[in-house]
Ligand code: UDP
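Here you get one chain, nothing else, as structure tokens; it is the form predicted alone.
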Amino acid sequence: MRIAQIAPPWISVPPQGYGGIEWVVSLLADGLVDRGHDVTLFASGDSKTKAKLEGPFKTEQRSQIGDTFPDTLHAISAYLRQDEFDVIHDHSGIIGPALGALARTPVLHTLHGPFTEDAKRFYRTLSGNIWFNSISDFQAACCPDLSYVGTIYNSIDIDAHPFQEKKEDYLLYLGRFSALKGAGIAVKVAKELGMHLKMAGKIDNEEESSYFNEHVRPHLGHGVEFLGEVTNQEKAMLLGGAKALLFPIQWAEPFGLVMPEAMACGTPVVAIRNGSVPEIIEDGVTGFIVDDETQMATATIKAIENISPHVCRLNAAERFGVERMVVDYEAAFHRIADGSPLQSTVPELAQI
């Protein structure tokens, strides 16, 4: 098939640091090429891919995130060439799927973000004119009345996450320093257990800086170590060495990529029940799911003592490996290219 992949213009593919969407697009584009498809990736010119690379910008537009012009120009550059493709797969913001609703070529839009009320209204307007893919059943349940092709989970490069059976003496928090991510809860849990906590991630804005200064900084040097934003290789090493990953998420995140990344390294995850967490973690098998922060310390000890690193690795490879995602998307592309009627395939999710 002739497949167009439209990545956001903000971050190169694959990303050099933070960039969950860009990692997924990179793995998918390369995987489709490996399976013999003719793939064109619309991304910034400093991207690296096995696909044909196209796009109006020579470098990533990180400094202009949120500006209308780069997003619009980038999306238009792809849709003006729609007749060259059997299917267009759009991972961009609102401009891309809006153009897709007017396109002659079948369009699949993967929903990478959460549903706000405005987003629901917007996507419902497009429903029936483009296909949608949810990245978790939880996400689809938040707005079940769209023309879904189904749920296809994000994947990770298993080989880029070295398995480590013997763990070092620390817990890990990996993510943004925001109240919604619960970094302060991770500090409380580690201190309650008397265990060393390594923390890595971005501090991007004033809100995050304020949260860090109040909930994390006072504890630095007292069993808490802040590493800042780390490279992909450093992240994998941190995940592999940790006794457990703490994931005290405070919002209904559609898909937390760091959870399968930890599992691939043989590291159990202890997470608060929210969003897609129950779909990613198999409770008692690859980690433990708790209802609130008061249960996290006990669950962390249980995870360290009872969860098998080998089972975590195998589970991640089977459920979140690249091949699984590529094959699922390939089937979806064939379905929409064959002219299947646009209707929701997940009406039962309304009951979740």
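Everything numeric in this text was worked out from a predicted model, so none of it was measured. One rule holds for the numbers: they count along the sequence shown, beginning at 1.
Keep in mind that the form predicted in complex with the named molecule is missing from the display, and what follows is about it.
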Would I272 show up as a contact with the named molecule in the model of the complex if we use heavy atoms at 4.5 Å?
no
With the partner left out here, check for me: in the model of the complex, does some heavy atom of K243 sit within 4.5 Å of the named molecule?
no
Do G100 and the named molecule come within 4.5 Å of each other in the model of the complex, heavy atoms counted?
no
With the partner left out here, check for me: in the model of the complex, does some heavy atom of G256 sit within 4.5 Å of the named molecule?
yes
Using a 4.5 Å heavy atom cut-off, which of 102-110, 245-253, 144-152, 125-133 contacts the named molecule in the model of the complex?
245-253
With the named molecule left out of view, choose which of V187, A200, V87, I95 has a non-hydrogen atom within 4.5 angstroms of it in the model of the complex.
A200
Quick one: from L193, L171, V230, V224, grab the residue that has a heavy atom within 4.5 Å of the named molecule in the model of the complex.
V230
Considering only 95-132, what residues come within 4.5 Å of the named molecule in the model of the complex, judged by heavy atoms?
none
